[in-house]
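This document opens with one chain alone, in structure tokens, the form predicted alone.
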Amino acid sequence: MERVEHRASFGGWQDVYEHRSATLDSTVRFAVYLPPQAEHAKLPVLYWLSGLTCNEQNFITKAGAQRYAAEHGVIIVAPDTSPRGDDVADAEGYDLGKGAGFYVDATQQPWAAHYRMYDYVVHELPALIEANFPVSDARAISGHSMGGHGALVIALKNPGRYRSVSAFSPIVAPSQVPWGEKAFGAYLGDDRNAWKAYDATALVADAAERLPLLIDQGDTDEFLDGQLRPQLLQAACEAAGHPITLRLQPGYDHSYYFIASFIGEHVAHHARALKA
């Protein structure tokens, strides 16, 4: 593991590391924000999953989360969105291949060799963080768009691993929208029953843990009706008796201007759960 960026921020350090991932069979990067409290104590961790076309840089440079992480004493870890490298399969367009891992473990060729972002985020990355940084065993998870999908799915599939979960503009029903259908068809094959393992609207019905879902969604988001459709998850949660808070924010779109406007509330939400 090699540190490739080290920048002072709100009394702490915004770092970026590079390492060879056994899970992804490629060299990948992740960002870690260490607030000033990390010099003297083990702190809880908030994992952030980014959306389509992003890498570890988008969140750390645009969201403004460091200020709130320093205020609450929370470490934030932000991995890349897919494996990288010349030998990693890719596709034309922004919604499949590099930058579009969709936080699944691919079963189809040529994707299966490297595209295992679910396993990486759930197992390899936390093990690396917990072995090398001053962290406690308290974890939370959040994300945006494709990353919001990842955060919801990972929390629902791993009861007891996370103390809280939230999302901005998540793809809540990837099995029912074009982005998800394209990605799942490529990564997981044509069997739509297999897709349900990575679809939040399907997972809430049998969730072993009723971890409350906090979702912020801009009501002028250009992808709201065609790709995101949060009402589908709300209906699934109501049918299953699963707690959900869906906040439609008037005037906001899909951009990081939206995320930056509410990230402080999300960090505070996670800090309360992490320190409870």
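None of the values given here were measured: they were computed from a predicted structure. Heads up: residue numbers just count along the shown sequence, starting at 1.
Omitted from view is the form predicted together with a further copy of the same chain, to which the following refers.
Q: Taking any heavy atom pair closer than or equal to 4.5 Å as contact, tell me whether residue 251 reaches a further copy of the same chain in the predicted bound form.
A: Residue 251 belongs to the contact set for a further copy of the same chain.
Q: Taking any heavy atom pair closer than or equal to 4.5 Å as contact, tell me whether residue 23 reaches a further copy of the same chain in the predicted bound form.
A: Close contact is absent here: in the predicted bound form, residue 23 is far from a further copy of the same chain, nothing within 4.5 Å, heavy atoms only.
Q: Considering non-hydrogen atoms and a 4.5 Å limit, does a further copy of the same chain approach residue 13 in the predicted bound form?
A: Residue-level check for residue 13: yes, a contact with a further copy of the same chain.
Q: Taking a further copy of the same chain as it sits in the predicted bound form, is residue 30 in contact with it (heavy atom to heavy atom, 4.5 Å or less)?
A: No.
Q: Of 276, 8, 4, 1, which one comes within 4.5 Å of a further copy of the same chain in the predicted bound form, counting heavy atoms only?
A: If I apply the 4.5 Å criterion carefully, the residue I get is 8.
Q: Let me know the one among 247, 210, 42, 62 whose heavy atoms come within 4.5 Å of a further copy of the same chain in the predicted bound form, would you?
A: Checked against the cut-off, the match is 62.
Q: Look at the stretches 66-74, 47-55, 236-244, 223-231 and give the one with heavy atoms within 4.5 Å of a further copy of the same chain in the predicted bound form.
A: This holds for exactly one stretch, 66-74.
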